[in-house]
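Below you will find one chain, with nothing else, as structure tokens; this is the form predicted on its own, and questions on how it binds or moves follow later.
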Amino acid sequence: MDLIKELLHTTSCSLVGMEKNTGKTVTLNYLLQHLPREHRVAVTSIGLDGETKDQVTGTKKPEILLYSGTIFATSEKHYRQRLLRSEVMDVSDESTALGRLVTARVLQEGKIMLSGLGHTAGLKRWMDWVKDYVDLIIVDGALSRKSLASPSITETAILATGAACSTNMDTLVRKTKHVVELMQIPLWQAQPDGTDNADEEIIELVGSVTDHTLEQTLNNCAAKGKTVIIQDFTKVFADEALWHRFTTRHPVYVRQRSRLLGITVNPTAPNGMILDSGLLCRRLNEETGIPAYDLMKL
């Protein structure tokens, strides 16, 4: 499969869910199952993943299955609750909401709940440490703009979407396409002398990019037509239509980005409604140019 082949040529990847119940855990399990066993993998999460029941909808969720040799990082609480045999490699001073971060290697396959670090600096430090032991680091991330922007610190990303976002296929395709476009904002290349502001035609938008931020820039006569730089796509909170209007007037770049490897789809909504996943995958591929997969049908 192309998604697996791509992962063999990258050192880090984020799994980004458009909403809850879009299939991030299914995607993670698929990748871990199909990557060659000799390919050394480490996994962690920026939130809580692997719970058996959704805390909001009450629906059953898939659990995370880790294989022998896999390295994982989770909170002390969830390490104690693990349903697998493992050896501890490190107990970090870095804290999660559920205790210190425990890094361990699986000795016998089983299930685990992942609850990792929720701040960029700590995750980067963990990735820098664990990279000497593995070929690939997978970060189970989130799209929430209130959480860590994990796509900005991994080389690649996979986007999980599905009927939990909308049971109207046209709406779902449009929303997913918008997120893909944000994830593919081109990377800013600094000037040869290393200074970004040598060119007075550049504006840097620091922090969250809201409707108010965009309206102010659009209404500023001195800013018209200037190139805009933002930190990364997760900082964009703006209304979709306003964002599109803004980008027709201003070239936009990001300081950090990941390469999007593919889109995975969960055609089943929490209310039980099921979309035609074959049609959904075809439309997403046509609209975005990115391969889309229903992993449950592969």
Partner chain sequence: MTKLKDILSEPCGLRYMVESLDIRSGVARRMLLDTEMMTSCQDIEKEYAALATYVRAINDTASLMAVKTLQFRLQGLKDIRTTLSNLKEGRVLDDIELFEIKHLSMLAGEVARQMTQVGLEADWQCTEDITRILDPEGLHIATFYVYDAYSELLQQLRRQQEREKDNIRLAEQIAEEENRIRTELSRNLRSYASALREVLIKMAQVDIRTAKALQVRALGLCFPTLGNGWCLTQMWNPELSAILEKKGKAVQRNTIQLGDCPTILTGANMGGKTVVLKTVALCQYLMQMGFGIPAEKAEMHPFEAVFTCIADGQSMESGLSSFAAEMKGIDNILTAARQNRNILALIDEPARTTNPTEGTALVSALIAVLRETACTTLLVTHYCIRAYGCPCLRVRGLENGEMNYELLPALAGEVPHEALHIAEQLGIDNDWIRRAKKELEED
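Positions refer to the first chain, counted from 1. Being a predicted model, the structure only gives us computed values, none of them experimental.
The same protein also has a form predicted together with the partner chain, omitted here; what follows describes it.
For the options Leu187, Val91, Ala121, Ala223, the one in contact with the partner chain in the predicted complex, meaning a heavy atom within 4.5 Å, is Val91. This chain appears without its partner; in the predicted complex, the one residue of Leu114, Val102, Ile158, Ala164 with a heavy atom within 4.5 Å of the partner chain is Val102. For Gln108, a non-hydrogen atom is located within 4.5 Å of the partner chain in the predicted complex, even though that partner is not displayed. A residue is said to contact a partner when one of its heavy atoms sits within 4.5 Å of a partner heavy atom; Arg80 meets this definition for the partner chain in the predicted complex.
With a 4.5 Å cutoff on heavy atoms, Glu76 counts as touching the partner chain in the predicted complex. Although the partner is absent from this view, Thr210 stays clear of the partner chain in the predicted complex, with no non-hydrogen atom inside 4.5 angstroms. Only one listed stretch (81-89, 224-232, 169-177, 202-210) carries heavy atoms within 4.5 Å of the partner chain in the predicted complex, and that stretch is 81-89.
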